[in-house]
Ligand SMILES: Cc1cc2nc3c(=O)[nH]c(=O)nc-3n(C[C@H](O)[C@H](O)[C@H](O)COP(=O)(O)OP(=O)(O)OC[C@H]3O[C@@H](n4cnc5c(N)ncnc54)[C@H](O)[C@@H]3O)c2cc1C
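Take a look at this single chain in structure tokens; it is the form predicted on its own.
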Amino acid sequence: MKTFSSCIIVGAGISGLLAATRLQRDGVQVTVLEKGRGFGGRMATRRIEKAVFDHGAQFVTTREAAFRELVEGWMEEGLARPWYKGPLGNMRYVGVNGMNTVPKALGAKLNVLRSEKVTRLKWDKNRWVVFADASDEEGKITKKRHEAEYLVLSAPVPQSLKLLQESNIDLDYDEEEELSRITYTKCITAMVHLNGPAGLPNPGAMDLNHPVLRWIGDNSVKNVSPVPGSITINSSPKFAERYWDASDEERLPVLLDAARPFIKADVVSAVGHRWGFSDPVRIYREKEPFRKPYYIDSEHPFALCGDGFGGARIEAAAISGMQLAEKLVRPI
């Protein structure tokens, strides 16, 4: 049986939301703190005027039975739908109104406090005290304080480690070394409005092995955007590293020039976005055959979960949160 009745989860990505959902179902009082304004982390959808863009993860796939069952449930609820089969014959699923459809639905059933950036942690009298800066729509900052018996950090591992270190929360030396080895690629995304249909081959998307480009997808063909020619361009990791500190005025023209041979309409406008933790390239204890897709601390009641413990797929992040929560509520 679980030994705690309250929990704070930092991060409203899919791993944090699914962990929160499972804990809440077992009677735990859960508070999710999210520094951004939305839900879903990389399962991100953005509206620019009338156009809509999936500008992070473009789809989810299912390999494990538990996640396949979950996706089937989302489809029964009208939250997700199949898009097309990838090169290996695996179906790629998307949210019916964009990739953040599912995270928004999960978050609506939870106590999620958005625009609250966690700044410090404190372990005090057998409880966690979590300090956060809450910002309103005008940018005004209010200092917040939250308490709970258990703590889950679901943000990218380098961010979670930094928060723990700056809060003087000691980890086992070997575990800290293992966690510090978890690294991520970067990605620069362009959300582009064309003056007509992009003309991409069916199904309106291209996986690319290109020095500059990794993905081009037409959100209108994907039935996400009502505006024809609303495309998402994701850069290669190599391009993102090179242009990470450049301005949009410098990097977007290079990205658009590389994409020009693949599209059949002209660019009207483009907006950039940077993903500092796009895909994990090294995961937690990746060479160990019986590793767990999460980390539970042996000294303090806290844990870490997310894609850094399973891999780049959305499914891996989801399973990390699901299995962590299951372990916490049924530890034996």
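Computed from a prediction, not measured in an experiment: that's the story for all the values here. We number the residues from 1 along the sequence you see.
A second form of this protein, the form predicted together with the named molecule, is not displayed here; the remarks below concern that form.
Here the chain stands by itself, but in the predicted complex one stretch of 198 to 206, 169 to 177, 70 to 78, 148 to 156, 148 to 156, has heavy atoms within 4.5 Å of the named molecule. Checking R181, K104, K117, R127 for any heavy atom within 4.5 Å of the named molecule in the predicted complex turns up a single hit: K117. A residue is said to contact a partner when one of its heavy atoms sits within 4.5 Å of a partner heavy atom; L23 fails this definition for the named molecule in the predicted complex, lying far away. Within 4.5 Å of some heavy atom of the named molecule in the predicted complex lies at least one heavy atom of V10.
The shortest heavy atom separation between Q58 and the named molecule in the predicted complex is within 4.5 Å. In the predicted complex, the named molecule sits beyond 4.5 Å of every heavy atom of Y284. Residues L33, E34, K35, G36, G40, G41, R42, M43, H55 are the ones in 30 to 55 with at least one heavy atom within 4.5 Å of the named molecule in the predicted complex, listed in sequence order.
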